[in-house]
Structure formats: structure tokens, C-alpha cells
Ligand code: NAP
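Starting off, we have a lone chain in the form predicted on its own, written out as C-alpha cells.
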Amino acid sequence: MPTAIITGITGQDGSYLAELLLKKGYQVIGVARRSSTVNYERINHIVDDITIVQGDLQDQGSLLSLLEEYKPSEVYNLAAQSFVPTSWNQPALTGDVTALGVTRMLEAIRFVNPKIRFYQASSSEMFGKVMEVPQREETPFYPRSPYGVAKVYGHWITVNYRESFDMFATSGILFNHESPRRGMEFVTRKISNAAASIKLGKTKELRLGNLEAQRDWGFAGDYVEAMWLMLQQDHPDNYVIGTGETHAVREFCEIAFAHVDLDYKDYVVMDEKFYRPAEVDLLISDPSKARAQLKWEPAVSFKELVTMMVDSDLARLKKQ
């Protein structure tokens, strides 16, 4: 039975990845920071099948202990301060966790067992003010937030350890991926939850920032399979993962509200308070390398993703 360590297991991606690895016969070790309130909401249904241990990307010693005790063959580094607006309020913390945390994990692997296969969760936010459309593995980075900057550091330190120490260190440059498990602070979940809530008469409006911002949105459950496939290759590499389609926030609103027989124009209010200091206007992937080498394809369409999220929020709110 292979053993995999997942940092950030309580997050959206961590929960879907843990499910996938369990189905493939892995022993799954989930790393979670110690906090006074434990939130296992996304993994409650599998918590008895995995091992949760305390660890922190800000603490080198805890990472060394993890690797020495559990002897994993694969490490998936999904933990990060990953909410872009928060990175403006806490830029130093974002850098310490999202950038230097990658270095600490790579150093721990190099020290304990450099044969461990390592996956780094890079982000399309690294492209920021895009230098070419669509974005591929060779597209220059131009991040537009402290989060994006930190992810660029994490990406390049992964490449450096790969090339300097002959480590199997792979970087997945994932474009936006959503699901019913997405945090409420993210715009996609704000929209799906608001559509359901307004339909049920619980709220009356939704305030959003730039409705014209465009993203390449896919389903998180599809994207974790790409993560696993990257670590099954003969050689480590960088891969862009996305749908190759782009949709505006406005279109997300339109589909979500229409799914519950509402017109988003009657309820969505643009509010400058939610604009980013530096906006990322257009992100769209070129996932041809992943399709060719990993044989990976997204299974869930954009419309299916939006309606899946709305249906999930409807069901949850009705229970309440």
C-alpha cells in the first residue's frame, strides 16, 4: 500500500484528492495546522479512513518528523494562504506560508528521502497580467497579487530543487477549479449560494466586484486526478491544467440564477469595495501538454459545474 501525505487536506482540493487516493488503495496522511477550532467539514465522510496529523509549513521540524514517521512515496503540497484578497491584507504571512513553506517541505524531503515524489500546487494567478493568450507552461509570469507572487516563488523553487538535486518535483499550474466544497469567500461560491438563498427568500441581493473578469473554470474533482497523474510519469515536469475555455463572472451569475428561474440582473449589484487593487482580467489555459502526456481531460462542463454548485447550496439551505 503506497503512502501519500497531503498538506491542506481540509481544503477543497485536499478532500477530493484524499477520496481519489483512497479509491486507488493509498494510505492517506493528511496534514492540518493546529487550531482551537477544527474544521473537518469537507472530509467528515472519510475521516475514519485517513490519518490526520498536525503539521505546519511554517515549522520545518514538524515537516521533518512527518516524513520520518510515515515514510511516504508521494507528497502533495496543497496548503497555502490561498484567498487572493486576503493576500493583500496579510502579504507577509502569505509569503511565509505559500512561498517559503514550499522550500521548507522540499528541504525536508531532500534531507529525509530525496526519492519521494513531490507535487507543488502552482496557480494560474502566476500569469496575472497575461503576456500571451492562452497561457501555457512557457508563458512568462506577471503576478498581480501577493498570492500570485508567492506562488511564483513556490513554482520556481520546485523547479530549482528538481534541477539541482535530481528530485521528482512536479508543478501543476492549475487554473480556477471550483466545486460545492469551495469556501464561501470565493466569488463562485458566493454566487451559487446567493442564487439558492434568494430563491428560498432568505436574502435579497448579491454584491460583487468586477463582473467582466474572465476565468477558466473547471471542476476540482477532475483536477485532482491530473495531480495524481503527474506523479505517475517517468519524469517530473510542469503542467498547465484547465479547460481551455473562458467565462466572465457575469456569465456565471447568469447561469446560476437562471437555474433557479431568476434573472441575475434583478439581484446582483456591482460594488467597488470588492474590486482588487490590481485586477487579473483574462485567464485561459492551453492544457494541450497535459492532454497529450497525461491523457487527462476535464469531464464536467462549465454549465454542469455551476448548476452542481447551485443544487448543492439549495439542498444545504433547505435542510437549515
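Numbering starts at 1 and runs along the sequence shown. Here the structure is a predicted model, which means the values were calculated and not measured.
Quick note: we don't show the form predicted together with the ligand, though the next part is all about it.
Although the partner is absent from the chain shown here, none of 199, 301 and 310 has a heavy atom within 4.5 Å of the ligand in the predicted bound form. Checking 158, 123, 193, 94 against the ligand in the predicted bound form, a heavy atom within 4.5 Å turns up for just one residue: 123. A heavy atom within 4.5 Å of the ligand in the predicted bound form is found for exactly one of 239, 147, 118, 219: 147. Using a 4.5 angstroms threshold between heavy atoms, residue 57 counts as touching the ligand in the predicted bound form.
Remark: residue 99 does not count among the residues lining the ligand in the predicted bound form, judged by a heavy atom distance of 4.5 Å or less.
For the chain shown alone, residue 108 is not a contact residue for the ligand in the predicted bound form, no non-hydrogen atom being within 4.5 angstroms. For the chain shown alone, residue 176 is a contact residue for the ligand in the predicted bound form, at least one non-hydrogen atom being within 4.5 angstroms. This chain is displayed without the ligand, yet in the predicted bound form the stretch 176 to 184 from 158 to 166, 132 to 140, 176 to 184, 110 to 118 comes within 4.5 Å of it by heavy atoms.
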